[in-house]
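Encoded as structure tokens, the following chain is the form predicted on its own, with no partner shown.
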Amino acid sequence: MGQNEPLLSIQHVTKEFYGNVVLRDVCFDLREGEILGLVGENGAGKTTLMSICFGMPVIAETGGFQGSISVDGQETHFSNPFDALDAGLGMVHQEFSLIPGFTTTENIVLNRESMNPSVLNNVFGDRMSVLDRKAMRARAESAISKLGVKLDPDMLVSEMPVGHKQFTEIAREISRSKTKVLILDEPRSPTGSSSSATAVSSRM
């Protein structure tokens, strides 16, 4: 990527739902180290734009969109959120997607747990590996430290205040090795504050 080339570029994005235009010719560039806030009333199209950026299925299911999205100078076509994750985009959704009975650590590394082989691996394969909880905790603590906040790695999500849940979601996304851009959809709405959507460049 060139020095002045945008990390994320949205060009001429237009989206309509059943004849109702909710986004019209939206353009912006996001460069490394920048924070970009999109502010507007409910229904202004912020979540729709974030859904387009992250390849949410509802966009394709309703006819797709016009315009282009580029990451690191390469135009991308995300067919699902996994494509967006592979390209380096992370997203914290308006509604929490944490498991209440799991700890901070377990939620941060969910589906990417550190594993150790067991004596049964030779017979039954990798499925008999066991969790490496020490390594998992270290990874969670590293992500938390990047945020500069205090979170108990061993606290259950069900026992957390709302703010801690939100930080746990953010820590989960920045703990992914590929994350270049972090998208926050309505980051203040769980606390009852005014709505907004923010895309954060987060090469770390």
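Numbers for residues come from their place in the sequence shown, where the first is 1. Quick caveat, the model's predicted, so the values are computed rather than measured.
One more form of this protein exists, namely the form predicted together with a small molecule; it is left out here, but the text below deals with it.
Contact check for A138: no non-hydrogen atom falls within 4.5 Å of the small molecule in the model of the complex.
The closest non-hydrogen atom of K46 lies within 4.5 Å of the small molecule in the model of the complex.
Taking the partner from elsewhere, N42 is found to have a heavy atom lying within 4.5 Å of the small molecule in the model of the complex.
With a 4.5 Å cutoff on heavy atoms, N121 does not count as touching the small molecule in the model of the complex; it lies far away. Just one of N80, S114, S129, Q94 comes within 4.5 Å of the small molecule in the model of the complex, counting any heavy atom, and that one is Q94. When contacts are defined as a non-hydrogen atom within 4.5 Å, none of F28, I35 and E169 contacts the small molecule in the model of the complex.
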